[in-house]
Each structure stands twice: as structure tokens, then as C-alpha cells.
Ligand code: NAD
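Next up: just one chain, as C-alpha cells, the form predicted alone.
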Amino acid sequence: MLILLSDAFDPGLPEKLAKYGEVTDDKGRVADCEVVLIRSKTKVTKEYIDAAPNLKLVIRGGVGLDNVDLVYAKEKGIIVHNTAAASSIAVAELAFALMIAMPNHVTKGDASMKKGEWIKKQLKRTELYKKTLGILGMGRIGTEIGLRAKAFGMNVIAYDPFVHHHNVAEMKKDIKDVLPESDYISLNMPLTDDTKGIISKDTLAMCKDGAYIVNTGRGKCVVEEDVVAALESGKLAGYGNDVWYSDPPENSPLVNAPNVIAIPHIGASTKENLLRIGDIIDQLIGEYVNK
């Protein structure tokens, strides 16, 4: 069995998986592979699948599967898994880091000091304490973010069409019930037909003036131009973003927009998470081999 590592994983993973067969990172051998391991960069499209006639198992090291043609994979009898349980803490910590950095002007303060400026009076901080966090998408990652918000003394509300009761957040029946109450909004939704562009000029108009948004979910859940307009008008006080329309982004207006902290999709890229992903991949391949 040939296992193809199509994206970057923990360096120790090939040795861990060698017991199952040959492990390679040579993408030119895709036609021969039975198992392909991907993260966000590789797109397992219809064309990709057609070029891999021996492919039987795809494992995405991460949560979202929008870079896999799930319908065509199913037609071809290809099993597709993600490693959702691994990434929750890593992504939640980055989301919270962005949530802390924006109202404390961490990036502005750092940049000004390095320019030899002293802008203490211009940087007016606000606290997370007693503010309301609205979480859109209350799965594993949303739950971890909510737990951290509670530790900071925040009020946590959330919307998720598949979650009606939660011990961390007060669940709301509609996104319209979350946005007007939220000082901070965390986007943790998968990309679907229903969530694509869900943050647009219409939903942004529902937000509190001066709200902050953190997106560690999926880039295409927002209309970038509408977010930029909200930042420029002051409707949004800040936007922390780790996810983009493409990796890397191509001419995204968010990169140079005011009050944006832009991160190059590193939410799942902790050393600890890569080790957890490797353990789950090992388990999934073992189950596949022994089925």
C-alpha cells in the first residue's frame, strides 16, 4: 500500500505509518497511492480523483472538508475522514489570541514602538470582562472558545442550527438573535451553501457598532468587501482573520484594510496538534487496514 503525504504533517509521521506500507511525499506518484493525507492546500477534486485510480482513503488533517469533492469521492467508493477531534484547542487558542490582541492594540503598539513612536494616549484599551461573545458554530472549536471566554468573565451566547442546548453558551434560535447582542463574534462554521457569505452587509448591519469579529472558520463565510466597508465606516472596530478565500489569498481587500489582524491560516499548526493529528491518522489507517 502506498500512502501519499500531500501536505505538511509532523516530521515523525512517515515513520509512524511505515508499518502499513510505503510512505511518500512525492505528489507525482498520486496515480499509485491508495491513501492520501491532505490538509488545506491539496484540493481533492473530480480531476484529482480521476488521476488517482487506486485511491481508496482520503484523510484530511483538520476539520473542514470543503477541499474534497465528497459527492464524487462517494461515487468512486473512496472513504473520506477528517481529524476534527485534534484541532479544537489549537484553533480556539488562536481565536482567543486574536480576541485579546485587537482591543489591546497589540499589533499597533508593537509596530509603533519599532518606528520609534510613543502613541500611548492614542491606544485606548477595552476589557473582555463582562462583554458578550457571540459564537456562530457551537461544535468542538466553538465550545473550547466558549470555555475560555467564561474564564475571562464573558457572557457567552451562540447560534448553531444543530445545537439547541449547551452547557457553555446560551443558545439562540437565529443568527439575528446573536449579532445585535455581541461585542465579539467568533465565526466557527463549516463552509456550506447555507453559510457561504453569511457575514455580509445585511448581517453586519445587525451588529453592534464597534463590534469585533474573529474568523477561524472558513474565509468564504464572509463577503470580504462588505467586511472592509464595515471596518472603514467604523461599524466594526476590528477583524481578526486566519482563513481566506484561497491559501495564500489572491488580492484580498482584507490584507490592507484598517484594524485587521491578518494571519496566514495557522490555526491548526501547533506542534501539539500535528502530533494529535498523526495519532488519529494512525488510528484511521489501522481501522481501514483491519476492516
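Throughout, we count residues from 1 along the sequence that is shown. Note that the structure is a prediction, hence the values are computed from the model and not measured.
One more form of this protein, predicted in complex with the ligand, exists but is not displayed; see below.
*Asks:* Looking at G109, G139, G210, G197, which is the one with a non-hydrogen atom within 4.5 Å of the ligand in the predicted bound form?
*Replies:* That would be G139.
*Asks:* Quick check on this chain: which one of L133, M189, A169, V214 has a heavy atom within 4.5 Å of the ligand in the predicted bound form?
*Replies:* None of the other options qualify; the answer is M189.
*Asks:* Could you tell me if all three of G153, G238 and V260 have a heavy atom no more than 4.5 Å from the ligand in the predicted bound form?
*Replies:* The answer is no: none of the three residues contacts the partner (heavy atom, 4.5 Å cut-off).
*Asks:* Given the stretches 56 to 64, 42 to 50, 252 to 260, 22 to 30, which is the single one in contact with the ligand in the predicted bound form, using a heavy atom cutoff of 4.5 Å?
*Replies:* Of the options, only 56 to 64 has residues within 4.5 Å of the partner.
*Asks:* According to a 4.5 angstroms non-hydrogen atom cut-off, is V243 in contact with the ligand in the predicted bound form?
*Replies:* It does: once the ligand is placed as it appears in the predicted bound form, V243 has a heavy atom within 4.5 Å of it.
*Asks:* Might R218 be said to contact the ligand in the predicted bound form, defining contact as any heavy atom within 4.5 Å?
*Replies:* So R218 counts as contacting the ligand.
*Asks:* Taking heavy atoms only, is A268 within 4.5 angstroms of the ligand in the predicted bound form?
*Replies:* Yes, contact at 4.5 Å.
*Asks:* So in the predicted bound form, does any heavy atom of D160 sit within 4.5 Å of the ligand?
*Replies:* The answer is yes: D160 has a heavy atom within 4.5 Å of the ligand.
*Asks:* Using a 4.5 Å cut-off on heavy atoms, which residues of 73 to 98 contact the ligand in the predicted bound form?
*Replies:* If the 4.5 Å heavy-atom criterion is applied to the ligand in the predicted bound form, 73 to 98 yields A84, S87, V91.
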